[in-house]
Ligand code: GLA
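In the block that follows, a single chain appears as structure tokens, in the form predicted on its own.
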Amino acid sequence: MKSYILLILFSVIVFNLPAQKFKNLAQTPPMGWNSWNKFGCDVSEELIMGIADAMESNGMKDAGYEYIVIDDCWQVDRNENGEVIVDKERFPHGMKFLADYIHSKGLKFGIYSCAGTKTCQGRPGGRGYEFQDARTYASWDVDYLKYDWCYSTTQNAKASYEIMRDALYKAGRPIVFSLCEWGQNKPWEWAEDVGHLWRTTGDIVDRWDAMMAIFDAQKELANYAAPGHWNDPDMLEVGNGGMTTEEYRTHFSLWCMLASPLMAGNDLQNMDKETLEILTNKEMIAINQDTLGKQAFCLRDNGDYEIWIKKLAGDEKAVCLLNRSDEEKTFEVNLPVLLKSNDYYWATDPYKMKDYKILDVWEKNNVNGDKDLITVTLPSHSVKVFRFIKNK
């Protein structure tokens, strides 16, 4: 009788262990590239290998980009055993071959599927095949899964993504889990223990107004972001042609301030010098990748002029001045106010400007901090980003 009771207790413990995602992944916002924004369904083995070659050689890998993610349209059907079938015309050597090639470059391999019965482009979705697909992805050595929300009808979002989380964990390969649920069910309120990042809005469009609308939607979400779980305002459009160089610099700066995943979405094999300089600005990337893992908050909103603050490790901080207007604007900026910025780090300590140097992140020069007030002129749709660096 005693042994029987022990067996029951053992069964309860084993089969009711709390499900979990892989820990210690995405401790800083993931950086990489995704095929969708530039290429849509026009993906192939040749393209992805070329992107891997470019990322390795053009400085992006050195800047921190590591994931290469194939979005929709790599799959065509399922076989009689339910296994997903890769498009053999576009990917003749299969996904394990492609993963091996990407890994040989010191990069990581990502793939796409959907929580519904079909993907957004009508390819086979993951619903009902979660555990089988997770085993397949693990056998291909996948490192990152973007999981969409099309054809989900009446599914419960949290439960659907939990099933895939559990499937990935059971398959045993650590895979970054990206929830592309579009923010419809407020994933920031429940997805911390489900995935490593979650979309907060619908898809980005390569236009200034569309990009800024997505940025505005992040304003109340700062408290939900932290190491291992991030708000995702969607992939970058930098270099795709719908905005000016100044607007792309602003786009990149704002995503860095938000501690957003930095997933480039342009053609890495054919980009101009200005695009590459934006995407590989190491000082701006360092702000995004800061280990404290704080998303910026809006300190001041004067309509066309906003001030955003991002707390950084080591009692440092980044400040972004944003001119949203269609005209050039000149502002007087109070440096001590920016440094204090309602930040509890400074509430009890005496304020000493001399303890800091101030880096202009895009101009890459130091700002004269001898004066409390400085004058800043911002072109239309532009930013000025400062980093307050503590003297050693």
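Since the structure is predicted, the reported quantities are computational estimates derived from the model, not experimental observations. Residue indices: 1-based, along the sequence shown.
Although not depicted, the form predicted in complex with the ligand is the subject of the following passage.
The partner is not drawn, yet in the model of the complex one stretch among 274-282, 158-166, 69-77, 304-312 has residues with heavy atoms inside 4.5 Å of the ligand: 69-77. The listed set Q289, Q121, Q132, S152 contains one residue whose heavy atoms approach the ligand in the model of the complex to within 4.5 Å, identified as Q121.
Checking W230, Y248, Y112, W255 for any heavy atom within 4.5 Å of the ligand in the model of the complex turns up a single hit: Y112.
Using a 4.5 Å cutoff between non-hydrogen atoms, D203 counts as a contact of the ligand in the model of the complex. Although the partner is absent here, Y65 sits far enough away that none of its heavy atoms falls within 4.5 Å of the ligand in the model of the complex. Though the partner is left out of this view, K317 does not reach within 4.5 Å of the ligand in the model of the complex, counting heavy atoms only.
The ligand in the model of the complex comes within 4.5 Å of no heavy atom belonging to W140. No residue in the set K21, L145 and H196 has a non-hydrogen atom no more than 4.5 Å from the ligand in the model of the complex. Contacts to the ligand in the model of the complex (heavy atom within 4.5 Å) from stretch 166-191: C180, W182.
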